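Here we start with a single chain on its own, the form predicted on its own, put down as structure tokens.
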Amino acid sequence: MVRKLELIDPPFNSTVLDLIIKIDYLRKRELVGSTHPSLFFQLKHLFHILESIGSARIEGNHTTIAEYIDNEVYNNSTNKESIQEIRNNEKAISFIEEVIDSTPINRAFVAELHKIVVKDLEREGSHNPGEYRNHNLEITGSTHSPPDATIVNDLMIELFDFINNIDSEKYDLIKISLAHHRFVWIHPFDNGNGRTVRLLTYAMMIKMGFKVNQGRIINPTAVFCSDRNKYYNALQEADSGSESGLLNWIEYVLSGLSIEIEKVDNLLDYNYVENKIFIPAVKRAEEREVLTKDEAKVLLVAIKNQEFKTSMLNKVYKNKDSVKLSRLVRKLRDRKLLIPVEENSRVYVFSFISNELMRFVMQMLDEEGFLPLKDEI
């Protein structure tokens, strides 16, 4: 018998209620930070990469962070499909952020997510991208048997009605958690359901007030990919349909979200970012001879000031020829270690996306506890 999809009221003294209050405060808190927007959104891009690797990892993709970086920086990929799967997820995240403010969460939206997720894949692709499955299936490693294909459409209509129904704000986080479980329980597509539902969760969070374009980093996949077995066990407990099983699932989701949101919000504090992430990353790159002593010195000036001009080097290199300094800056710019704050500007910011420093920034984020994936980077 299919359990009706409906909201749950957690007991007054429950951990779930405490978590709802805490996360709701974080959602509404004004995001004011000292980190330059360009640097902050580079960090945000790194977290999108981690989300994409983590989501693929849950489904059996074995690409490591190091392998992904090697592909992005040096184009050294030996398994194109595994990299394509991660890139598809990145594209889907970008799609969500571009359209979510003006697009309802409905069948067309989820179908488009699914098409992006499975595009150009064989092992992790789909026979009918964007279309609900027309056959019954089994989930590898799970005791759950998804409902008959003949009722998938009706169940998805119920799910979208549930998501879009106007309820009190206090139910938003419960709704996000229950919608995630229900989607996985239905398993509407022939493949790619896990990747699609984690993107749906991201979309719902933005829709419900976690405004990424205003400086919020959300890494919901970290909740699920840090312990794959815990994720599957929590889903399986919720599959019983019992109120206790569903409340435990909600608590699992919200506990992880609370930790992740608080953690990544620290990246708005530039004093923290500068001293714990950027400076150690540059110094480590210098130690590994990825940067020369002079290159590291210039980048440290850029990091200290956030917005950098060549003239700032006059205090550091009092006796160095200005032409040589300009050449040094140009070299860093050509390697995309310095990027202009806007087109044709001679004001630059430190850059670590798709260049040699990406690995070292990732290492420092890992050492500070930001990475849910335990890899050798």
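Heads up: residue numbers just count along the shown sequence, starting at 1. Here the structure is a predicted model, which is why all the values come from computation and not from measurement.
What follows is about the form predicted together with a small molecule, which we do not show.
Asker: Check each of A296, I139, L155, V290 and return the one that places a heavy atom within 4.5 angstroms of the small molecule in the predicted complex.
Answerer: Flagged contact: I139.
Asker: Would you mind picking the one in Q236, N305, S242, N134 that has a heavy atom within 4.5 Å of the small molecule in the predicted complex?
Answerer: Partner contact (heavy atom, 4.5 Å) among the options: Q236.
Asker: Looking at 165-173, 265-273, 187-195, 100-108, which lies within 4.5 angstroms of the small molecule in the predicted complex, counting heavy atoms?
Answerer: It is the stretch 187-195.
Asker: At the 4.5 Å heavy atom threshold, is R228 in contact with the small molecule in the predicted complex?
Answerer: R228: yes, in contact with the small molecule in the predicted complex.
Asker: Can you check whether S52 is within 4.5 Å of the small molecule in the predicted complex, heavy atom basis?
Answerer: So S52 does not count as contacting the small molecule.
Asker: Given that the small molecule is not shown alongside this chain, does E124 nevertheless sit within 4.5 Å of it in the predicted complex, heavy atom to heavy atom?
Answerer: Flag for E124 set to yes.
Asker: Using the partner position in the predicted complex, report whether H144 sits within 4.5 Å of the small molecule, counting heavy atoms only.
Answerer: Answer yes; at least one heavy atom of H144 falls within 4.5 Å of the small molecule in the predicted complex.
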